[in-house]
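Next up is one chain by itself, shown in C-alpha cells, the form predicted alone.
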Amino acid sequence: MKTWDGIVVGAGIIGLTLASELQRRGMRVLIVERGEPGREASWAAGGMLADCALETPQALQTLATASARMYPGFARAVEEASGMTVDLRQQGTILFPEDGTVLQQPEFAGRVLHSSAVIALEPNLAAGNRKAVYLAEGSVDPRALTAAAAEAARRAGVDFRRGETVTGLDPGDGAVTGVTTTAGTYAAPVVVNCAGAWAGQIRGGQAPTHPVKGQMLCLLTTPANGLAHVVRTPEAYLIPRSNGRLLIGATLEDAGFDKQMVPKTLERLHRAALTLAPRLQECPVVESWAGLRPGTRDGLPLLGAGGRKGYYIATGHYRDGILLAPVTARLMARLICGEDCEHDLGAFSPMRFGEGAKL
C-alpha cells in the first residue's frame, strides 16, 4: 500500500494551499476530498480580502493583516505555478459602516469620503448623504484561485483522491497512522483536517465547526453600468470581477447543511444592490448559489495540534478562508515541520473548547 508523509483532508483553498506548502518542504502529500477540489465554501465565497478593524475580530486582526500583505506575492506564485490567472484586483473598497460615528476614529483619518467623493470614485453609486471610508483592500476571484491552486498542487506532485469522504482517523499508540474513507484507508504519520463545515464529522478527529449558510447572486455588468470598487454596506456587499461579473451577497444563516436557495432572500439582496447602484437594474442575473462557511463558537479559526500526535486542524475560517489562506499555509507548515511560528496561535487552538467539543 502506498504511503505518504502527510494527508490533508479537504481541498478547499486552505487545504490546497497547505498541501502545496508541505510538498515544497519535501513532504509527500495526499489530499482527500469528499467532492471536487474547491467546490464548497471556496467556490461560494465572495473573495474580499478584508482586514478592516471594524469587521475583523480583534484576536484575528494580526493574522488578517499579515495575510492581506502576503496576497500579491501569493497570487503571483499561484499563477506562476499553475499557468492560470486568479483575477487579483486592488482597486480598493468603499465601506458604508452601520454606525457613522466610527468614521471619527483616528485610524480613518484622511480616508473618510463625503457623498461627492464617493460619487467621484463610483459614478454609478447612489450615495445620498451618507459618509463612507475608502479602504486599500484587494479582492480575488475564489473560483479562479482555487482552480489555480489545485493545478499548482498537482504540478508540485500532490496526490488527489476525489469523491471520497474521510470517516475517521486511524490511531496508533497515541498517534495517527492515517485515515479511513468511504473507499478505503490511506497511511501517513501526519493528518491535517481542513474539511471546513464537515470537519466535525471525522471520527476521532475533534474539530468543532458548524455550517453557516450564505446565499449570493451574480449580475453581468458593462463598463457603463458596473463598478470598479468593492462596496460594502450593512444591507449588502457588491464585488466586481474583471470579466464584468458582479457578486451580490451575502446572508448569514444557521440552516445546517441545507444549501437550498430562497427566492425571497435573493430578491432582498438584489433590491439592496439596486438601491446602492440603480443602473444595475440594466444587468441580467446570471447565477445564484448558496455555500456553507465553516463557523466556530467564537468566530475564530481552528489552527494547531488536534490532541494526538501527528493530528492537526486548520479550518473554521468562517468568512475569511480566502483571505487567510496564505498565512494559514505558512504557519501550519511551520508548526507541522517543527519550526518556530512568527505568530502566537494560542487563541486559535483547536482544543480551546475542550476535548471532544462539538458545535
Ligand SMILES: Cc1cc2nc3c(=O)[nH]c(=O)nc-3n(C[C@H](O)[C@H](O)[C@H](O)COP(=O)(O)OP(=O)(O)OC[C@H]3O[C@@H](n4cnc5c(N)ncnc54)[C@H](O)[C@@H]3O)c2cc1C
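Quick caveat, the model's predicted, so the values are computed rather than measured. In case it trips you up, residue 1 is the first one in the sequence shown, and so on.
Quick note: we don't show the form predicted together with the ligand, though the next part is all about it.
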Exercise: A153 in contact with the ligand in the predicted complex, heavy atom 4.5 Å:
no
Heavy atoms within 4.5 Å of the ligand in the predicted complex: does Y237 have any?
yes
Answer for I313 alone: is it within 4.5 Å of the ligand in the predicted complex, judged on heavy atom distances?
no
Taking the ligand as it sits in the predicted complex, is M332 in contact with it (heavy atom to heavy atom, 4.5 Å or less)?
no
Of these, A127, L121, A250, L88, which has a heavy atom no more than 4.5 Å from the ligand in the predicted complex?
A250
Tell me, out of L30, L303, V327, A41, which residue has a non-hydrogen atom within 4.5 angstroms of the ligand in the predicted complex.
A41
Taking E21, A149 and A188 as the candidate spot, are all three within 4.5 angstroms of the ligand in the predicted complex by heavy atoms?
no
If contact means a heavy atom within 4.5 Å, which one of 21-29, 332-340, 5-13, 346-354 is the stretch that engages the ligand in the predicted complex?
5-13
Taking heavy atoms and a 4.5 Å limit, what residues of 313-340 are near the ligand in the predicted complex?
T315, H317, Y318, R319, D320, G321, I322, L323
